[in-house]
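Taken one at a time, structure 1 and structure 2 that follow are two forms of one protein chain, written as structure tokens.
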Structure 1
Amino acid sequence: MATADTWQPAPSMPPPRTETGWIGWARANLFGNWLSGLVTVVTVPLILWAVWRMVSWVIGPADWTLIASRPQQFLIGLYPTEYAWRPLTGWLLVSILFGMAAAMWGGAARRIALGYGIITVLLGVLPYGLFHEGVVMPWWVRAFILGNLLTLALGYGLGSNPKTAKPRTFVLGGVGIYVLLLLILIGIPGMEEVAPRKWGGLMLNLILAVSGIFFAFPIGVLLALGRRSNLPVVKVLCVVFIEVFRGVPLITLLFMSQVLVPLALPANFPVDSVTRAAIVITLFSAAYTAENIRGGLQGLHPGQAEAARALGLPGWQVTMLIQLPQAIRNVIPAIVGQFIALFKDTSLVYIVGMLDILEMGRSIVQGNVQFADNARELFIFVAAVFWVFTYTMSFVSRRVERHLGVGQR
């Protein structure tokens, strides 16, 4: 009796070499069809030529003396040199947050903290001074800078401890550090006061951006909820506020805060120009944030709220526990985009006489004949600084979106 041969599957073959590796990537992305291939052949040489010219200029004829000789002014503006330990102390406190984030969330946060530590080490061994022009960096400045490694490790330890590794602890710690930093910069009782008008450089940009982001988000949430309210007075007030601040340019609002607002206040009212600018930037960003969140709320299916009410949940629980978390999750890209725009808009304060990092560099170029030809180097440096911060925000945003599954079912 004949027996049938046992069937065996054919051995799996590896994919073609033209479908894998860099060859497969190039075929799929650069030469997918004749039009894509034509565009690639035309544009890639032009891009490579432009990059080569830029790199050749940066490492060749470019003169970076302006950047290397004025690090203090680019960092803290006209802040007195004898009190430079104050912003350096704030830097130490911020390192604690980086360490906590690295331990609590790992992944991208850990890589960012690692890069932060590497940059700190490089700054700590620079041959020139951060707070003295053209001389060797003082030992106490190096100690402060390299001390960030210790506070970074301290933060990592706090983030690894189950008792302190909580988002609430991180947020409250960030708020406390921010308030303490402002008190140190201005001068707590017993210390000589430094007027905010002397603040400048990158420090001013960061303070305005952090203030705006921290306060604009909750105000924007309240405005978005108020615009959807059933109370006519609340709805009208929120609509008027949002439309006014979205309809007026930020430059105009900054001028109004510095010129018109003081006319309505007493002569000795203790509100400095930095505080007024921070308030205006916060309210301006809050109006746009409110519209982003309102769009996320409108994108939710009304059946969810109806089902929650059918289960007996009160209105505030439906909003806070069901609708608002989903709405914020869905508009994370728009919200982060608004915060990135807010950080870049802080450079507009130069119009009202504040010396942020851009205006500080421009004033140095205009006030020193030897730097008259260094405008290109200045603007490339400022652009690189802004790009580092905005790309970091965008990178973290993408990681959060991937973790929360934004855009996925």
Structure 2
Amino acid sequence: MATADTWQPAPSMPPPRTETGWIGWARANLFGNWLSGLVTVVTVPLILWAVWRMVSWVIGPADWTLIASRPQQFLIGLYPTEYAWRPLTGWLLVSILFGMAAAMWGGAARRIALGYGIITVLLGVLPYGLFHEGVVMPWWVRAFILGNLLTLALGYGLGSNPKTAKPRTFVLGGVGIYVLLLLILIGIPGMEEVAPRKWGGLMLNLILAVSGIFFAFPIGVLLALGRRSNLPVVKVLCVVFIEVFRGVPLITLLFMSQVLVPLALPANFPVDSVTRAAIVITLFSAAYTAENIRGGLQGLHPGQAEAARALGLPGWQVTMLIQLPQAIRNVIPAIVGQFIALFKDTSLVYIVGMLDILEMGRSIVQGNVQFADNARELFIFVAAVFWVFTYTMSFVSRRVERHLGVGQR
């Protein structure tokens, strides 16, 4: 192509060295102008100092005996030790899901499964509970924990097999495992019953949050549809429900669930306080979910529904097949955000006397002289546990959001 009479631009010079590499990066991002440079010079030493102070406290004066000597109570609360195999079995089942997700979706799911596997190995191998007198971690518990690697691999196998690697299998499997888990924990008829009141620790936080979102979602969808409906009675009822549950603090609702609800039900009605707390948490988050979904529905172009109706779809099909799927897709980040909020709110169940991971730790600090000064360590530990879960969830949410291309149309 190049002939003598075509003009050829001179090859461009490489950028100066001060514009590329780490020097260039630093010039652009740390010393862009005098203000930015000043900020960098001031903040970097401050940050280094703060980080150094924190790290030296964590490995120095901080006393982590409290956490290391009571792993069981932090994980499952006062669940009887002789039945500890039940939650451990449930954990094995959950690992299958992680494995499946890793194989089916790769990417973020694989990274989460990897991190999950590493944490599992650490939990199984680290010598906590051995250094402290009177607390022994039985070998079979470690075996159970390490067994998660096997079920993780099993899940990965299932996820790699095209026969089983279907989203529907995954969802159905998830629901099945959830139900099975609850059955194992309570005790299938024939096994000794362990009342929900004895559940505790991190397990309780997770179960309450998962159950909450599991039931809150369909209720939320119904409420959202009801609020948008043109039937005045239905609409008024939904609005009242949503506004009351959104307008009152959760702890007030929880307290009411213990004070007023037992009076409202017939005597000997078989709903215990834990279930009632779970129901209140579910309704509370259903009200929020409803508002999220309503936002999604409002964001839809009316043309969608009109087109569907023009094609002759009956009203319920327009809603179920055209509007809801799009609306839900648009509000997935908001719903995950709601789930995270719900998980954090499970720390409020101490109001109804349940020993979640935070309250469990506080009971230990209060009842035992040797831990009397370790409240700070406890709060940092609990914060870290919550953070790992919530941060993972928001990480997944961002990935899903990108995958679905929300907001990029």
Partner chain sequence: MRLSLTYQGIPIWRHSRVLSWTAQIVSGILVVAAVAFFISNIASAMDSRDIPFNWTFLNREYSTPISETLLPYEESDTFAYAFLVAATNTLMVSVVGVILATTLGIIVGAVQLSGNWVISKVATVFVEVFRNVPLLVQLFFWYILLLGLPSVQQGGIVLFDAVYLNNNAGLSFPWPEGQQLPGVWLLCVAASIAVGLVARVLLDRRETRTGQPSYPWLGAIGVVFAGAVVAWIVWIVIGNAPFVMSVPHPEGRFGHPEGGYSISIELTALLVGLIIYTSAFIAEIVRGGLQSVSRGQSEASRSLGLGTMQTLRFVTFPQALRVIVPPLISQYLNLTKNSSLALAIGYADLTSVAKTMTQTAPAVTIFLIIMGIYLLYSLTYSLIGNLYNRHIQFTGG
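Basically, rigid core = biggest C-alpha set you can superpose within 1.5 Å across the two forms. Computed from a predicted structure; not experimentally measured. When a residue number appears, read it as a position in the sequence of structure 1, where counting begins at 1.
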query	finding
Selected structure - criterion: the form predicted together with its partner chain	2
Flag for N33, CA shift 2 Å or larger between structures 1 and 2 after aligning core	yes
C-alpha of R329 moved at least 2 Å between structures 1 and 2 on rigid core	yes
Q304 C-alpha shift between structures 1 and 2 of 2 Å or more, rigid core reference	yes
For V44, CA displacement between structures 1 and 2 after the core is overlaid, in Å	3.0
